[in-house]
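Okay, here we've got a single chain as structure tokens, the form predicted on its own, with questions on binding and movement later.
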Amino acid sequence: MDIELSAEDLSFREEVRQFFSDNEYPAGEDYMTWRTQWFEKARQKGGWDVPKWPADFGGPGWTPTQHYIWEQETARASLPFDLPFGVGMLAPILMAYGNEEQQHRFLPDIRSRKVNWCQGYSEAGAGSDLANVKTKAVLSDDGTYYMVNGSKMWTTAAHMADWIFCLTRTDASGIKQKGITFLLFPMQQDGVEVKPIITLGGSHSVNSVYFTDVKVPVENRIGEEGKGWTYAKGLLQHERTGLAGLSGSLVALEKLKEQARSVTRGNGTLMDDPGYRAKVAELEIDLMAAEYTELRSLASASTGAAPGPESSILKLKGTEIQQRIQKLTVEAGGIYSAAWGSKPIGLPFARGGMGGYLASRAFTIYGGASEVQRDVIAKNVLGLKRSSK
């Protein structure tokens, strides 16, 4: 595969870098004001505020190489905080399966970041086996609304969200993949309760959400009743591609090398240690291989194809690479990593390294556990069939 950048691509890269440099956050200014202005300036560049949206919906219509450049540069730049659920996950579903009224109703506020969304997928008994969702939605006798009862688990940013896109069970009579319906509804209403879950790393990002007689108008249903599993699979493929985080891992790996060079080991540094250096080299090779898979995925997307099973390869390898970077960071921190829960001691990166390592345990679980990704790869990439025994 030829990955040499053309003159046009090099010019585009410089334009991206210049935009990031010209619009860095000015220390001391109001962050939210800067954030709003940043996205507006990005929009004026021709859809840079929604880089993955198609041109028909206001996106930039970039080539695969331009997308690749953008991902590389954003990993190094200081960009405004941006939740992925609206722009990166729900929006493609609305574009593909929502009706025109829903697109006009929801996409502008998603693009402007005026409305925050969360994803109501996983449940206590429906995590990796997502098709096992039990949250029930019952259509009213007059067919104008659904009544939703049940709960969701590990709902990221539910405590910050204005709306939720939610998988619900409308029919339990057939196979579990059928009878799932995709609904949208506000979080700030009677019957919705959010309880925090504090993760191993000590942060509050995920929640339990409970629904009690939540009334959802039928016009908030995406597509047909009972076809939600089809829409959910499409969304998961977009999500898994994003969760791979390869561009971020490239930057994190370079940072890891710098940190290792700051650790004294004998007459040299930790990066001079053959055993540690071999682990870093192996990680770098795996990351390079994953990059090529990402490039092939981008090339496919440029033809109009939706994300396919290669998203499972990216998610599987990308999240494992992220975990390995965190593990090597803890190893570099040595005994000082054990003091992560108190004041920093010794090496300045050790405390954050341990916190990152603990948080990274979830990387190979959310968005579909690694076991699920291997099943998808075996079936849809390798063409293997399940044993009849």
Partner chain sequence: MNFDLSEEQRMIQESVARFIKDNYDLESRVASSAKDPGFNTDHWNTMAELGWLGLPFAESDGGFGGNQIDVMVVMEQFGKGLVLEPFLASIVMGGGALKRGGSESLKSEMLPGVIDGSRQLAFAYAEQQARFDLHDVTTTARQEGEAFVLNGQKSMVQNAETASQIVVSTRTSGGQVDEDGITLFLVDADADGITLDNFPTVDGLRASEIAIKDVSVSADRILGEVGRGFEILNAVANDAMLALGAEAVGTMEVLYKDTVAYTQEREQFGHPLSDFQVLQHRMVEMFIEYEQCKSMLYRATMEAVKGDPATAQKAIHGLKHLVGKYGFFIGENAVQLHGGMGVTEELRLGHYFKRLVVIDSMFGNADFHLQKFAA
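All figures in this text were calculated on a predicted structure; none of them were measured in a lab. Numbering follows the first chain given and starts at 1.
Heads up, the form predicted in complex with the partner chain isn't pictured, but that's what we're talking about next.
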| property | result |
| --- | --- |
| Contact segment among 148-156, 87-95, 72-80, 185-193, judged by heavy atoms lying within 4.5 Å of the partner chain in the predicted complex | 148-156 |
| Option touching the partner chain, based on a heavy atom within 4.5 Å in the predicted complex, out of Glu219, Glu282, Asp171, Asp129 | Asp129 |
| Within 4.5 Å of the partner chain in the predicted complex, all of Ile198, Gly334 and Ala339 (non-hydrogen atom) | yes |
| 4.5 Å heavy atom contact, Thr63 to the partner chain in the predicted complex | no |
| Exercise: Arg374 in contact with the partner chain in the predicted complex, heavy atom 4.5 Å | yes |
| Contact of Ile345 with the partner chain in the predicted complex (heavy atom, 4.5 Å) | yes |
| Contact label in the predicted complex: Leu246 to the partner chain, heavy atom within 4.5 Å | no |
| Sequence-ordered residues of 94-125 touching the partner chain in the predicted complex, heavy atom within 4.5 Å | Ala124, Gly125 |
